[in-house]
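The chain below stands alone and is given as structure tokens, in the form predicted alone.
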């Protein structure tokens, strides 16, 4: 546990400080910042961070693919790849910091970050119980939109989830309060969830603009507003206000998180859904479920988008069990490759992102990866992927 052991007076003072900080953050959101125009940048700087567990392995494969796809641009100085080494668990523990300041400065010197999974320590492991590196990066880079597409054509599924990324139950997840009891130890534990109007407005606009610009008609808002009446109720109300005022052409509906979790496995209903808007915690849970329907967490990539920075990563975690069981040669790189494709689209190289997506799909058919010896080795999968990319470019135009 990381909460502070306080008495009532101290808890009230601590909560007041949190309220003031969140009021200030809400005001900063309103001021905003501008996304770079990647079409006019003389050089797009891409940071690569392997993270922990299987992260360095799959990120190295992604780097190999990126260097091939962007070979000409790298040679001409129009693209630059920078390796970031400071996000390993060992370094973060040594610095006693979820994201060391020098590492954060390196990341901020680039335009986008392609990141492998990072391990989040937890109570009882005998090491510092650091905040999630992902939570820290999303907060520090203000990456408010977590975008996770899920596509299963043969099941009629074409979903895109917009998870609010900087508020909800996660923003103050390491700043809860433990209230002292009459005896030694804590008697009550409190955590806090935060919802701000500007924070909800920008995730709502992101999702609805995506729907409008991509021929989608239906946007579903997912909360638990019948029970979490204040925070979730405010989230739902603001989303509906934005829809009614700015996107009257869209069909808007709302669902409770428990019912939507059931809907995703209901074959009669799930084909009808297109775009989702969710608070932070519900988005984390529901997108993992959706990824399993697509074929597993190893198949899903995600984007974390802000007004200035963007981070792309696999949906899954660092998977230390794969290493412990000696299965590293069979690790599935598709999640980071899908994230890589999303990153290419974000920086204005969507044609190359599409080539990568098609090559991933084709290689998955020829060399199915299971993570076990009954599936393809990662090297064989990547070799087939590179052949597919080369064929797509044509021998005379290969990068």
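Quick caveat: nothing in here was measured; it's all calculated off a predicted structure. Positions refer to the first chain, counted from 1.
FYI, the form predicted together with a small molecule isn't displayed, but the following is about it.
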Options 133-141, 254-262, 231-239, 191-199; stretch whose heavy atom lies within 4.5 Å of the small molecule in the predicted bound form: 133-141
is_contact(residue 88, the small molecule) in the predicted bound form, heavy atom dist at most 4.5 Å: no
Any non-hydrogen atom of residue 120 within 4.5 angstroms of the small molecule in the predicted bound form: yes
Partner contact for residue 292 in the predicted bound form: the small molecule, 4.5 angstroms, heavy atom: no
Residue 312 within 4.5 Å of the small molecule in the predicted bound form, heavy atoms: no
Contact residue in the predicted bound form, from 159, 282, 162, 170 (heavy atom within 4.5 Å of the small molecule): 170
